[in-house]
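Encoded as structure tokens, the following chain is the form predicted alone, with no partner shown.
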């Protein structure tokens, strides 16, 4: 009888993520795309890992950044490696651009959602092909859009207001990095899962460059940081 109805081990689902990464922030700049992400991996609420790389190149023209479950991101990269390998096997002089990869990811995420077995990630996908810059995002249930600047996780709440105020299409590389560092500094102050160890990724027509990890200068002596209960006497 058990063979007919199956056992509990036959079908398994990710009920909640285990090791997760926090925000990814991406912007278009004058010559291409810039992405920023820290290197923290949280085991529940514990910052267990501090060397997790959450940005990877995809083929010749694209780069991906992921927040959410790290093992699911590794599975997504396995899918993308197979996709790029299959594309290269045609050897027809063409290759997938960022828009094609983004569309593929939206189908994968929505398909897994419909199977009630989602990949617990929010993804940022950017790239440059034939002089056209592309930047988009997709979440774990397949909701996706394209914009001049995108963010995942807390970054969607804390970084996007900064980007709406300060981003413009003629940003130089140095200005773009400075703007991303400002966003990451705010996230470091406000997001408990953020760590002060980040990478900046750049993609242009020449290819992908991911920086070595580095830390930001911070200032923790704000009055509200030193005495956060002032003006809140008697509250919870």
Partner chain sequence: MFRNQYDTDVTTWSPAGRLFQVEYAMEAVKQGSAAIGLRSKTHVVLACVNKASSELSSHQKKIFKVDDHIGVAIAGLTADGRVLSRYMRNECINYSYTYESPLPVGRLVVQLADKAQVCTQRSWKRPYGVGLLIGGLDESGAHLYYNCPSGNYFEYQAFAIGSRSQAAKTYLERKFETFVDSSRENLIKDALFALRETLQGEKLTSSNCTIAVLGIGEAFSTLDQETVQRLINEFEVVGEDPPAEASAAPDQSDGAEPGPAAAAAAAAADDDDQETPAADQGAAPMDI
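Residue numbers count along the first chain shown, from 1. As the structure is a computational prediction, the values presented were derived from the model and not from experiment.
Just so you know, the form predicted together with its partner chain exists too; it's not on screen, but the next bit is about it.
Contact with its partner chain in the model of the complex, judged by any heavy atom within 4.5 Å, is made by just one of 107, 115, 164, 78: 107.
Annotated contact segment (heavy atom within 4.5 Å of its partner chain in the model of the complex): 94-102, selected among 94-102, 117-125, 70-78, 148-156. When its partner chain is considered in the model of the complex, residue 160 lies well away from it, no heavy atom lying within 4.5 Å. When its partner chain is considered in the model of the complex, residue 133 lies well away from it, no heavy atom lying within 4.5 Å.
Taking non-hydrogen atoms only, residue 140 never approaches its partner chain to within 4.5 angstroms in the model of the complex. In the model of the complex, every residue of the candidate spot (87, 90 and 129) has a heavy atom lying within 4.5 Å of its partner chain.
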